[in-house]
Structures are given as C-alpha cells and as structure tokens.
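Quick heads-up: it's one chain on its own, the form predicted on its own, in structure tokens.
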Amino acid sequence: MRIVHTDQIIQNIKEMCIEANYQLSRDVEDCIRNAFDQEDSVLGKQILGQLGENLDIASKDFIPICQDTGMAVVFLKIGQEVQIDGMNLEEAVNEGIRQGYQKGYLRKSIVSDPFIRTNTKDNTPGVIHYEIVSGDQLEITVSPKGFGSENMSRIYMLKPSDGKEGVINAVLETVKLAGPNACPPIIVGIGIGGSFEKCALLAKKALLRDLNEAHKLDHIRQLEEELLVKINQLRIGPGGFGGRTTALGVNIETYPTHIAGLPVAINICCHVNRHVTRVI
C-alpha cells in the first residue's frame, strides 16, 4: 500500500489549474498553426493568426489564454493500492482549485446555486470524476471547461436503427446550431454507447485525447475522419466568419450499450481545449 498525502494533491492541482489556463497543450497549438497554413479564407486566416499570437502572448506574459478560465473538471484515476492520507479527498481537490484560481488570478465563474446564482468567489466546487484502477499511482487530469462551447453541447437518445448515419446527422446538427457561439475552430468530443449519463462522460473524456492519436478501432477512426471532413465542409470557419477550418479535430469514445439504445453525446470545446495530466 502506497500513501499519498492530500497536501501533494492540493499542490499539484493548484499548479495544474494555472498551467492549463496559461499554456495550451502542444497537439492543439500545432493544429491551430497548421490550420493557418491551410486556410483558404482571408478573414479566416487572419483570425487563426490572431489565435496564434494570443497563445504566444499568454505563454510569454503569463496571462490566461482566454478570459473564461472555465469550470474546473478534474479526473482522478486512483490506483487500488493507493491510500489517501490527510483531509477528505473531495475537499482536497477543491482546495487545490481554490488556491490555483486565486494564485493564478483566474476568473471565478462558479455560482453556488443554479437559480440564486451567488458567485462562490473561488471557482469551487469543481466537477470531479473518480475511477479506481490497478496499481499504486494517482493520475490527475485538470480540464478547465469554458461555457461558450459547453452550452452548445447536446445528447441524443437515438434508436439502434438510426445507426452510423443517425450519429453523423446528430453531430452535424449540433455543430450547425452552435455556429459561431462555440468560438470555432472547435474540437468535438463524442461519446457513443453506455447510457444517458455514460455517453456524456465519454464525450468529455474524448476531448482529453491527443488530436494526433488515432482511435485504436478502425471503424471508429474512419468515422472520426469522415466527421471532421463533413464538419469542415460546413464552412462555418474561424470565429464563424467562413473558411475551411471549422473543427481542428473529432475524437470519439465508445462503450457497450443496451440492445434498445444508441446514446450519443456531443461535447463541443472551443479552440482553447485545456487539459493537463500529472501522475503522483
């Protein structure tokens, strides 16, 4: 049994909240810069150039990439041979978020009640997902999620007979309805299978996969490639002003499902697809 103290968890999450908001992951940054070279719209190319400049300024001057520093979504993969020592784990995660958003001067966007809407003033609580895995390590992923794109996400409870075409139509409908509101170019995370809540979690997890990492299943990889082409053919373009770069990538995660269902969740993320992973 390996002991991990919550002080370590707090410190790492604190640092990760700041890192994620100041430095975009290399795969997403490369996609933005590559899109600039390939964009055929003059205005679209200009916007992509500005996005690249924004990334440079954020990294150099140590300021957030986007003013919406998101709701902190934290994924914990806890090895079954790990013992958490110290304070309550959920309280520790939120303490790390609290310290990170305060030290990093990150915008506090969380309200304590969905109707009364009083700001908690420290960006807590976060959304925490727990997973028990084998081993003696603790893997933490922090993914601040802005709500311009989150608000454009959808779930469809399709029939099995809707099949692949039904999934494609659901994704394209979601992207069309999002239009410029999701701050394109976007990354599209898709969850297929499971149940109502499981497909939504799969879609959120799909956004964490490196855009250069192909899906291990050929038929899913082919569907990702087909959807990316079809989405970019919509020519919503950077900032919604037209162009070939509507999406930088499409990632799909799947799970077994019931004989009577085909749940599909589409979680859209703007070009600021932030996530940092550390292993303790």
Partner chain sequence: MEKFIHTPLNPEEISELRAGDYVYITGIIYTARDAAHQRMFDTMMDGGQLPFDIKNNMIYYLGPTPEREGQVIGSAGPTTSSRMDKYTPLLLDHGLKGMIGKGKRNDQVIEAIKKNKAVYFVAIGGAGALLSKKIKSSEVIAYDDLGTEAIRKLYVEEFPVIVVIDSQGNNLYEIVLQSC
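Source: prediction; values computed, not measured. Positions refer to the first chain, counted from 1.
A second form of this protein, the form predicted together with the partner chain, is not displayed here; the remarks below concern that form.
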query: Distance check, Tyr105 to the partner chain in the predicted complex, heavy atom within 4.5 Å; finding: yes
query: Touches the partner chain in the predicted complex: Thr245 (any heavy atom, 4.5 Å); finding: no
query: Touches the partner chain in the predicted complex: Ala58 (any heavy atom, 4.5 Å); finding: yes
query: Residue contact check: Arg221 to the partner chain in the predicted complex, 4.5 Å heavy atom; finding: no
query: One stretch from 176-184, 78-86, 162-170, 194-202 that, in the predicted complex, holds residues within 4.5 Å of the partner chain by heavy atom; finding: 176-184
query: Position in contact with the partner chain when the complex is considered in the predicted complex, options Val272, Ile10, Ile266, Met16, heavy atoms within 4.5 Å; finding: Val272
query: Within 4.5 Å of the partner chain in the predicted complex, all of Gln50, Gln67 and Gly239 (non-hydrogen atom); finding: yes
query: Residues of 151-166 having any heavy atom within 4.5 Å of the partner chain in the predicted complex, listed in sequence order; finding: Asn151
